[in-house]
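Two forms, one chain: they're shown below as structure tokens, one block per form, named structure 1 and structure 2.
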Structure 1
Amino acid sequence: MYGDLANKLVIEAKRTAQLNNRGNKTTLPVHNDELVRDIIKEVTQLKRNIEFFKEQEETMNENGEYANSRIMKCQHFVNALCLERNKRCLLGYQKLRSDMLDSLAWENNGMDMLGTVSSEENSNLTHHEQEYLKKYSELLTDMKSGELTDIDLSGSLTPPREIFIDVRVLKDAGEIQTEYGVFNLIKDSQFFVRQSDVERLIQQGFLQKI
């Protein structure tokens, strides 16, 4: 029946939402191209049905026949409702995904969006979604570098307990310059640094707090 495919899609979306509530990390499953395409096919079919009904009604009116309006109305309603339902399900599925992309852009601080992250998830995103993610990250960066430069919007919400912390380097990151001198960040080395200096690097995954 019409709408069955859309139901399948919503159930899948529900599962995705549940999985994301469970873990803290957002993982986007593969976009279900095939199902979406099938639903769109169904929508086209429904549209054609409705157009056919319209034509039929018109010709009947022209011929002066008394169209059985009840039957026409019912058929029309069933088709239109199926159409609406399919539309809603498709939009709901896509909304969930775009919401997840948004949070992905925030979590990753708008950095390396198209570098590290998308290479892993690349295959799971459609072309349009990649485009969306790129544009959204650009918007974020714009906003952060605009009037709001003084506030670190994606900074940690927990207040720091110490000024200086021990960090371990997870990835080579070259040299960084701080008030207390130059650190050369080589993998697996440890430093005792001011927290505010390395906040960004921790978020980006170069350093780990010990």
Structure 2
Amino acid sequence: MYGDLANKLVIEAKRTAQLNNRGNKTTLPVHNDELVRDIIKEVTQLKRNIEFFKEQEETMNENGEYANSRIMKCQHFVNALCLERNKRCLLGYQKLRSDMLDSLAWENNGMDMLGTVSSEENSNLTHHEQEYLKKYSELLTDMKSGELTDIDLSGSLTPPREIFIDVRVLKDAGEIQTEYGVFNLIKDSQFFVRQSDVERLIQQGFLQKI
């Protein structure tokens, strides 16, 4: 039935959104190329149906077959609705993935994501998504290196409940300079630091809040 494939795509997108809402790190699943192609084929078939029903409706009106013409008009309308719904589902799916790519770029402070993600994560992206992520990260880096250097645009919009927090180092990150001194971030070590000084390292997975 028309629309069933698009419904599967919406369910997949909804599941992806729910999984990412539960975690702190954005995880993008593999792009469902096969399902997207099948929906596009269905859209193409619906366009052919619409053209056919429209021609039949006009012919029947010319021949005075008004009862049959109304049937063709109804079929034309239903197919048009199915086509629009498929298009909206496809756009919704792509919008969700592009929003998640934006989040990945912000979480990594505008760094070149393609050079930092694993090969498995990279394979989840289409070629166009890889290009989009690269260009978006470049725009973010350019914006931060301009007049807004002193403003942490990628910081959390939620005010912290505590100024200082305990953190555990998950992987070596070297030394960091803060207002309260220098910290040597060695794996499995713990520190009591100001949250604003290490928030970016927490988002990047170097530190974990205890």
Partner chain sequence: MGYYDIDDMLTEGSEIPCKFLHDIPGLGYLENNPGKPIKANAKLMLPYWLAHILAVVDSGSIDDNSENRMDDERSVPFIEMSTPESFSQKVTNAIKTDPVSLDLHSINPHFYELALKWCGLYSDKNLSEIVSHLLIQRAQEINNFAFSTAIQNKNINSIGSITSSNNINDNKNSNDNSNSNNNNNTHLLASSSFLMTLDELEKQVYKKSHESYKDSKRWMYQNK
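Heads up, when I say rigid core I mean the largest set of C-alphas that superpose within 1.5 Å between the two forms. Numbering runs along the sequence of structure 1, starting at 1. None of these values were measured; they are calculated from a predicted model.
Point to revise | Pair member which, unlike the other, is the form predicted alone | key: Pick structure 2; the other is not the form predicted alone.
Point to revise | C-alpha of residue 54 off by 2 Å or more between the two structures on rigid core | key: After core superposition, the displacement of the residue 54 C-alpha between the two structures reaches the 2 Å mark, so yes.
**Study point:** Large Cα move at residue 35 between the two structures, threshold 2 Å, rigid core
**Key:** No, its C-alpha moves less than 2 Å.
Review point. Fitting the rigid core first, would the Cα of residue 186 be found 2 Å or more away between the two structures?
Key: Yes: residue 186 shifts by at least 2 Å between the two structures.
Review point. Cα shift of residue 175 between the two structures after core superposition, in Å?
Key: The alpha-carbon displacement, core-superposed, is 9.6 Å.
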